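The chain below stands alone and is given as structure tokens, in the form predicted on its own.
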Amino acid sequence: MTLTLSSACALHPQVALRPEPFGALAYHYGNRRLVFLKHPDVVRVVRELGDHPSVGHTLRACGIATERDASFLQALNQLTKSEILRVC
């Protein structure tokens, strides 16, 4: 499934985020994948996804400009494929 601005998703419950100077490390305890989140804005969005009804609402709540939506959707779709995020 491809995420859209109206999709609802959240950080997978088996994923831990560890803050780093470049952003964060995301580790999935189930599949043992380690993913680098290389921008603080992405980390903020990933942390807040479960608190909002959709990806679009989360992006706006985090102050992400609409012209960045496509790049965020691409990043979030990759995180879904890595099972860092789960579709709700």
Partner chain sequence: MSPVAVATVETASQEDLETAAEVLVLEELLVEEISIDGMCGVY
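Fair warning: this is a prediction, and the values are worked out from it, not measured in the lab. Positions refer to the first chain, counted from 1.
Below: the form predicted together with its partner chain, not depicted.
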query = Is the gap between residue 74 and its partner chain in the model of the complex 4.5 Å or less for some heavy atom pair?
reply = yes
query = Just to confirm, residue 37 within 4.5 Å of its partner chain in the model of the complex by heavy atoms?
reply = yes
ask   = If you check in the model of the complex, is residue 9 within 4.5 Å of its partner chain, heavy atoms only?
value = no
query = Closest heavy atom of residue 78 to its partner chain in the model of the complex, within 4.5 Å or not?
reply = yes
Its partner chain in the model of the complex - contacting residues of 14-53, heavy atom within 4.5 Å = 19, 20, 21, 22, 27, 32, 33, 34, 35, 36, 37, 38, 39, 40, 42
